[in-house]
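Let us start with two forms of the same protein chain, each given on its own as structure tokens and named structure 1 and structure 2.
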Structure 1
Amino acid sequence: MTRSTTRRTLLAGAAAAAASPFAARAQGGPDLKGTTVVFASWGGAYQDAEKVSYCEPFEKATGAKVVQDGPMNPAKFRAMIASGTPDWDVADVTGGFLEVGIKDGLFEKIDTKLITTSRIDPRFVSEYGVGCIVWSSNLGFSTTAFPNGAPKTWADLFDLKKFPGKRTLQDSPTASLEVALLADGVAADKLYPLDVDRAFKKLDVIKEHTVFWSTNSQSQQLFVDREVTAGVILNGRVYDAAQKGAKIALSWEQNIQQVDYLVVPRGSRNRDAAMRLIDTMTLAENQAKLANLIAYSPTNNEAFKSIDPKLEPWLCTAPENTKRGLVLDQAYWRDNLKKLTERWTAWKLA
């Protein structure tokens, strides 16, 4: 049974759980030489950071080769499982897809003989997935487009008169419907179950002014190329773009927090090697390295000791940021993702 993440537990802070010693056990000798493991994630700066922080240490320790693939796509994932021979061995998925995938039998069970799950905050451990990062959807905005003051809340995103310009939203109902309802005045603790009709009515306000993104790299590039002035973007993507000189900032008001999980697709041809790669991804030093590269919060609490203090304002789990945020209800999306995705597609085409 998956341990569902609740608003109360996640916002309690990342330092709550006891962690294993920082000195991680060795990954063994180069006994996987000749083995190829395919890792699928979300592309761009995030997957580049995963490659450096997770995959390269695994290759060095085991002799295996890790091939990068992606971006992660739920429909493609399902098609692989249906074929019986998935191309991917480890995938980085959202918590919402984890919940749906467990129900639909898409994953191998986590092998605790090969993965030391005790390193990970127990709130982020499931029978079928291991949490790797905590991230948030934020209101991102151009630092040059609004000389009279920047947008701060989701309501500002929908105020085209005060804050003119093109908008961007993820091409998905997940988080987008929450954004619309928060902008329309619904309190964070009253969001679920979502008032779907009200959300789509609010989204109509900016629909014709919106560029929809399907990958996180695309969302980042839209701001870099100045195609949009404000919209929904992940906190780590804003950090990466800002470090590279883009004129972009974010607001932490009403940030929507989620957890990504590492899973092994059912039928993986390299199951044991895949499990060992996930084990490498749980190590504190590796998670700290990733956080220092792209500002996503680790799930191994020991990793916080090695994160550059200058990064704290960029982490969604920083106390000041969690106080201003909320947690996406994974169980709600487990039960409603399919039908709301169909409605989202119909709304976009209407």
Structure 2
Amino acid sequence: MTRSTTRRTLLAGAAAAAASPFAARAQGGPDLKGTTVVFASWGGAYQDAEKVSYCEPFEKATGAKVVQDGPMNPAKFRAMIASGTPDWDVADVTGGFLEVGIKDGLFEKIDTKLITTSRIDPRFVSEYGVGCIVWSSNLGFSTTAFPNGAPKTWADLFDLKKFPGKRTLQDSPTASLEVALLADGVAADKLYPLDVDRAFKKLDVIKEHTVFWSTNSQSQQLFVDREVTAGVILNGRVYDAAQKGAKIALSWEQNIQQVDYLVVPRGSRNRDAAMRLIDTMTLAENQAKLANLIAYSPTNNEAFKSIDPKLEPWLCTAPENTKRGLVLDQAYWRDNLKKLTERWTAWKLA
């Protein structure tokens, strides 16, 4: 989506990658000729960016071929593992699915001999997956609705007097309950385990004024159409809408971060090559390339050296933004999602 504005930085990044002898050594040389690695992700502009930023540098360095597949789908992933021989060698999964999959034994263990995990912020490295991008749930608001000062904190989202207008929340308890508790004054480090009763009680305050979004494009459209004045929306979506001219801005206070991981499905026929593709992803220049293409936040902090400075304020792992945020506890959600989704549905119907 930012292709035209960042072509120059992209080319500079590519040149740097090609010139770096270190990058080539980290890959182990072009010894994978004849190997084909299947890479599965979420399609669209994101997978296109991953192809250019992770897969093509990997092909260049190792001689392997990467085939793009997808879209990633948890049910399909499970069916593949159950059949014994997965079609995919590397898959891009959400942090939620990473935790569930670890419990159900769906992934190969990350091989630290093949992947230099130390390049990545330790918060985003798991025994079974390596974080590739980070995104966050932010307080988004209309820049025209509040001439006397914009909302900043989650508490402001629930203040219908000071900040009148309709609200929007994602149609899911994940992150929504955290938002409610933070708004109610719970400290970020005391969030888990969530005080669910308290969260739903707080959500009652705005329930009748809330439109629930279930697709990301819907969350943008609600602001573009002036249907809502404030709500929970992902950072990348605010950036995208603002680039297209929408009157929308975001606050970084108490942003709630989630991570996408690259994993190797259990039983992959190209396990070692798959691990090395993940290693290519961990390199700063490749992460910077992806961020410059699609404005998703890197997990390797070194990447910011080559990221367009105009982009940095929009990225949740930028130093200024990450210190205001917290990372969603996916292990908590793994154990409670089912129960809380039922309760969420019941709460909406009540």
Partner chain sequence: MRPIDRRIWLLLPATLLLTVAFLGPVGWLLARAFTFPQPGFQNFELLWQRPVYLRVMGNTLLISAIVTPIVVLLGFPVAHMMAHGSARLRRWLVFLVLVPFWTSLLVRSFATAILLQRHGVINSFLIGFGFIDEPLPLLYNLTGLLAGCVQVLLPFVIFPLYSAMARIDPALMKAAATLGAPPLRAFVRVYLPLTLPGVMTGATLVFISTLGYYIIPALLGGARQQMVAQLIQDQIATFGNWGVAGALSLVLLLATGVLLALLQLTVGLKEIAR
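Numbering runs along the sequence of structure 1, starting at 1. Being a predicted model, the structure only gives us computed values, none of them experimental.
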Query raised in the report: Looking at both forms of the chain, which one is the form predicted in complex with its partner chain?
Result: 2
Query raised in the report: Considering the change between structures 1 and 2 as two rigid parts, does the C-alpha of residue 241 belong to the same part as that of residue 68?
Result: no
Query raised in the report: For the rigid-body motion of this chain between structures 1 and 2, what is the smaller part's rotation angle in degrees?
Result: 31
